[in-house]
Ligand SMILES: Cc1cc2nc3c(=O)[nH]c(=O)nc-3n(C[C@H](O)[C@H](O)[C@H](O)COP(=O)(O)OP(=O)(O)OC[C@H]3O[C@@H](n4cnc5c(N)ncnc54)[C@H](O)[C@@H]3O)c2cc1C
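Only one chain is shown below, in structure tokens, and it's the form predicted alone.
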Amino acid sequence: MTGLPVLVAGGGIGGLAAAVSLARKGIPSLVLERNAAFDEIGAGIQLGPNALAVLDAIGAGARVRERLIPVGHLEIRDALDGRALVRLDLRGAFRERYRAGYGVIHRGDLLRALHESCLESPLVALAVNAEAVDWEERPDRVEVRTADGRRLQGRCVIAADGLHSRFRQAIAGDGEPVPSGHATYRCLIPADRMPAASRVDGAVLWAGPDCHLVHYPLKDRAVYNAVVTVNDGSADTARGEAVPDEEVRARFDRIGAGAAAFLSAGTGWRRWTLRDREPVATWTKGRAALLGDAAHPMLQYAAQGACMAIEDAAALAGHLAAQEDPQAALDGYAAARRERTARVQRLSRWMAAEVYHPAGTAAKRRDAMLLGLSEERLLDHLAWLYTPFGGIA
């Protein structure tokens, strides 16, 4: 092994988790972030027990848990009539099976926890205003070029540069991500504005025809994260632009009184359009590999995008620590992660079509499926997802 660092292109959740994981294995890294600071766009994020267990294992769990809200339940309600279709208690039997627990956190708080863990380690170097744009292979290293012309030497390069990854085109060559037809609106609602029926200690999802609405508490329960999504065929590009409150309410004019009361409490909405990719078999090229959304972007419906990136990070570090040859290590990492992440990508699409957005007969079929689930059966169904790495070390 050379003394060169692993170069990580991208300082988001996946990139910083990779740096922390590598440091845990005694491997130096240099994280290249294109922006002027390590900031995260967005609001809330759900962390399942698979991700929390990995964060504990890489030494970042304590910092994350200082900011985490361990909500008491997950619930799906019918957005038309308000009925509870399924509710999973996240204490009791769930906590006995998944000891790491389940929680929600502001994306910025998660990134800060990882950033602090990086700053604590002498093995992690961080660079801002350093956008990695391409790389060249050398006999015993890689050379990464930044947008401002710097050339940096590394043992290998990990592309954690997100949905629109520059590196993915050189590695997988599958073009740009495609519109999913879904648009999401987000805002934070002060707790004292939330209707009493929605001011609960849980993550609640209202499922409606071609739409769904989600809320859960953040920031010591002072605010609620609100995420509402409509399947309206959107194909434009929106990345957080402000939209009028009236536009959001008009998009959800078919929902019932319970969901509408929560929606009406929201102000200051911002809009994103969701894009998707097919799972790909090619994650590596020489001494370069993809990680997180660069490798397997997924729709939000399984609440596992960041969780899979965190798992990627730990798996990557394990393979690089176990193999002297970086290329062989990266190929082993990709082989270990492809099938699981592809399964979660497909699950996310299935949940959108069959659980969150169906109408008419399809909604009745959905209701019968969810209402017939016992807690034990539901926990069994979730085992592959909520066990770190699917139970495969």
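The first residue of the sequence shown is number 1, and the count goes up from there. Since we're looking at a predicted model, the values are computed, not measured.
Separately, the form predicted in complex with this ligand exists; it is not shown, and the next lines address it.
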Stretch in contact in the predicted bound form with this ligand, which is absent here, among 91-99, 297-305, 148-156, 187-195 (heavy atoms within 4.5 Å)
297-305
I'd like to check something about residue 131: if you look in the predicted bound form, is any of its heavy atoms closer than or equal to 4.5 Å to a heavy atom of this ligand?
yes
Is residue 199 close to this ligand in the predicted bound form, meaning a heavy atom pair under 4.5 Å apart or at it?
no
Exercise: residue 35 in contact with this ligand in the predicted bound form, heavy atom 4.5 Å
yes
Touches this ligand in the predicted bound form: residue 45 (any heavy atom, 4.5 Å):
yes
Output flag, 10, 40 and 107 jointly within 4.5 Å of this ligand in the predicted bound form, heavy atom basis
yes
Taking this ligand in the predicted bound form as the reference, which of 166, 112, 141, 219 has a non-hydrogen atom within 4.5 Å?
166
